[in-house]
Structures are given as structure tokens and as C-alpha cells.
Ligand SMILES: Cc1cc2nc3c(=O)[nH]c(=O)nc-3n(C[C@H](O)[C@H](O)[C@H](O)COP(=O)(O)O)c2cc1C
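Just one chain is shown here, as C-alpha cells, and it is the form predicted alone.
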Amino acid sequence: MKSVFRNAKITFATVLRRILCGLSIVAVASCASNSEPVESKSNAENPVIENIMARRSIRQYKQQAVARDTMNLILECGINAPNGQNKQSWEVRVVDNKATLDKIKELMSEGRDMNVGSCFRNAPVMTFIARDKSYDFSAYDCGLLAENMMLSATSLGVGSICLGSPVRFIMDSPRKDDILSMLGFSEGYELCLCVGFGYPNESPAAKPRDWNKVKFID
């Protein structure tokens, strides 16, 4: 009798699950059939799309710290980016201590006639991203990581900017080894990208995008 009852429960659970699944499919199909066509490529009533279209590169920041709880959420979104073979071929170092960041800027500028530290755009938090040199697609993985972080930051009201010039200045610096030692990347990794974070002190308009660069191939 117990065996029959157990089998009945399994059968009922299976049927219920299938019914619910069927209802979900019908609901989705109904929404799709009743939805209005999207009139604009950039104005869809979808929070994900709205967030993507709202992201801007911020070059002026309030000198206000971004809480580590917020940064941890941004970083978690970053490391959940797609990546080749799940190698997670990146390392990230976060500098949110002003004195530490000022020291890096000082080392970068040493022996130069200009303050190259200004390339950080005064973002109060700077992330330094390094790629695994042993994996030839690691630079792409780092780009996907950075994009996830920037989009999640936008959704939290935090501005961001993706930067390549600090990498050039650091790697060309006579104090390169000292700077990289401060960042502490693992052996076999090389710095490839920087992303700054902070609360925006500007609201830049979107710059036009060239749709001529996008084509469907029939």
C-alpha cells in the first residue's frame, strides 16, 4: 500500500509540474502574441535593455566612496560573465584607498614631464584587470568581465569608465615592477584593462552609433 501511495504521489507531482510548465508556456506565448512591436532600437520597455542604453562613460566623479558591499555586488556580476571554457582567465585588483591610488599615480608619473595619473579621471575606485597569458582568448574574457561590472554599476547608480591608457602608462613606466608588485597579480598574468567606478558628477548624453557597421547577411 505504501508503495502504491508513493507512486501516486510521484505521478501527481509529475502531472502538476507538467501542468504548471504548460501554463507558463501559454502565458509567454500569449504575451508575445499580444505585445506591441518595438518601434525603436533603443527604447524598449525592458529593464535590462533600458540599463544597457543608460550606461555612459563617466569622466567626472563625486569624491564619495563606493561602499565595499556595493563593489562586491558589482564584482560578483563581473566574475559571472561568460568566459572561454570556464577558465575565468582574469584576475582583478580593486584599489579604493585614496592613499594607495595616489601612490600608484605618483609612481606612474615619476620620470615624466606630465601627471599621467590624471588618466584615471579621478574615479575614487579603480579596478585593475589582468589576463592569463597562457590562454589566447583571455583578453576577450576580461572585456566581458568589465562589461558586466559596468552594466551592474549603472543599475546601482554607480558610474564607470573603461580605460586603456593607464595600462600603457604603467607598462611603459620605469617603476612598472613596483606598481605591479603593489597590485600583486599571480605569475603568468599581465595587466590589460582598468575600470574606474564612482558616483557620477555629470550626465553626458549618448554619442551616436553607426548602424552602417551592422549588416544582416542573407
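What you see is a predicted model, and the numbers here were worked out from it, not measured in a lab. In case it trips you up, residue 1 is the first one in the sequence shown, and so on.
There is another form of this protein, the form predicted in complex with the ligand, and it is not shown here; the text below is about that form.
- Among residues of the shown chain, Cys162 is one whose heavy atoms approach the ligand to within 4.5 Å in the predicted complex.
- With a 4.5 Å cutoff on heavy atoms, Ser57 counts as touching the ligand in the predicted complex.
- Taking the partner from elsewhere, Arg121 is found to have a heavy atom lying within 4.5 Å of the ligand in the predicted complex.
- The shortest heavy atom separation between Val66 and the ligand in the predicted complex exceeds 4.5 Å.
- Screening 151 to 159, 49 to 57, 170 to 178, 66 to 74 for residues having heavy atoms within 4.5 Å of the ligand in the predicted complex returns a single hit, 49 to 57.
- Looking at 90 to 116, no residue comes within 4.5 Å of the ligand in the predicted complex, counting any heavy atom.
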